[in-house]
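Only one chain comes next, encoded as structure tokens, the form predicted on its own.
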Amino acid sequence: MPRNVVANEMTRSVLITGGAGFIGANLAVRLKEWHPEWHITALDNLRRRGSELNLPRLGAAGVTFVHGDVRAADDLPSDPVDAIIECAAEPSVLAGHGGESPRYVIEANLGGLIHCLELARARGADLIFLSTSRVYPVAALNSLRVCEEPTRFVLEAEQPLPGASACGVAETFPLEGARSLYGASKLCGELLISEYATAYGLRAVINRCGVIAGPWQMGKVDQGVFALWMAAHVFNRPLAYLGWGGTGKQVRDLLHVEDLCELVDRQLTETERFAGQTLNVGGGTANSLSLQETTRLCQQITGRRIAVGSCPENRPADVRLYQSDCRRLEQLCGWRPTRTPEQVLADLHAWMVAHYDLLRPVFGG
């Protein structure tokens, strides 16, 4: 749903870190469209394959691109800034596992945030932090009671832990326990933001995002699963149901990136309403899919069937079911997703078909 642009609104300077990534680039383009008088700067190190494909979009939209790295404080722009949207991250839940050094995920996710916090403190800027549902501990999530239906696992109404219900996982869910190096770096960041807010009067909002999906997402098996699933059907790549018996019944909620953009816009323009809040941001139970169900929808949309293998063993940090309980956010401002999972997948398909030759080196192998 397009926003109405306010012609005489105050000019603002907004810095988006990770601004050539999936979420950052979509935010930059939309914010510039909705607020033409704003100065939008996108900072990115272009480390993730496919992020370079967003540079023409940013330029065409009038967004200023800076090739820099949040790990280096001197790379952050020295120009005045009114708001920072912290999207820069190593988002893989497998980062640092299997003998790999955790240095990058910690330095990018936590060290980079510290540099953003220092910039916000020095300039008096507001901060929107894109955290993750992965702050919730793996063992606790996997202890939730589920029933097994033909195509998916389903949360039961009565749960052993506070903050869990048939509506999903709320912000009051216990945080004790391991979660992944990625999730831990984000949770540490949340704690630092709280301290900066108290010590320096920083106005900040923390969004614990579930799975965000949509066009311009270069999905991988450990991050961006719905884009990966559609890409496998478009570019004829094999898939496999990994973990939880290899049946594809594990469930995630998903949120169209456009729904997220509309929320972040409200958070920028209604700062006092959101300041100090930690909020689950996701599709919720109504906008959730299992891998089995995702396969069926991809087949319907593309008219193709591809091989789907099976590997029953769980990987590190595998979660059987996660759905965001976003009732706190809805009560705060009335926000709820407006786009369905079917629309998310249809939009992914249309984007991939329209940019087939451009995307084939990224998705097609």
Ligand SMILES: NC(=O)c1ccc[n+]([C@@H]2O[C@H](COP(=O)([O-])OP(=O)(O)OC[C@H]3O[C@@H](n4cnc5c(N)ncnc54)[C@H](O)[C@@H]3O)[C@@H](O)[C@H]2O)c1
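Everything quoted here is computed from the prediction, not taken from an experiment. Numbers follow the displayed sequence, beginning with 1.
Although it is not shown, the form predicted in complex with this ligand is what the next lines describe.
Counting only heavy atoms and a 4.5 Å cutoff, which of 285-293, 236-244, 154-162, 179-187 contacts this ligand in the predicted complex?
-> So the stretch in question is 179-187.
This ligand isn't shown here, but in the predicted complex which of Ile212, Val169, Cys116, Ala231 has a heavy atom within 4.5 Å of it?
-> Going through each option in turn, the one that passes is Ile212.
Of Ile206, Ala227, Ala95, Cys87, which one comes within 4.5 Å of this ligand in the predicted complex, counting heavy atoms only?
-> Exactly one residue meets the criterion: Cys87.
This ligand contact at Asp69 in the predicted complex, heavy atom, 4.5 Å | Asp69 belongs to the contact set for this ligand.
Gln223 within 4.5 Å of this ligand in the predicted complex, heavy atoms | Yes - in the predicted complex, heavy atoms of Gln223 and this ligand come within 4.5 Å of each other.
Ala42 within 4.5 Å of this ligand in the predicted complex, heavy atoms = It does not: once this ligand is placed as it appears in the predicted complex, Ala42 has no heavy atom within 4.5 Å of it.
Is the gap between Leu46 and this ligand in the predicted complex 4.5 Å or less for some heavy atom pair?
-> Yes, Leu46 lies within 4.5 Å of this ligand in the predicted complex.
Any chance Phe22, Tyr104 and Gln217 all have a heavy atom within 4.5 Å of this ligand in the predicted complex?
-> Yes.
Heavy atoms within 4.5 Å of this ligand in the predicted complex is the criterion; list the residues of 114-131 that meet it.
-> Counting only heavy atoms within 4.5 Å of this ligand in the predicted complex, the contacting residues of 114-131 are Leu130, Ser131.
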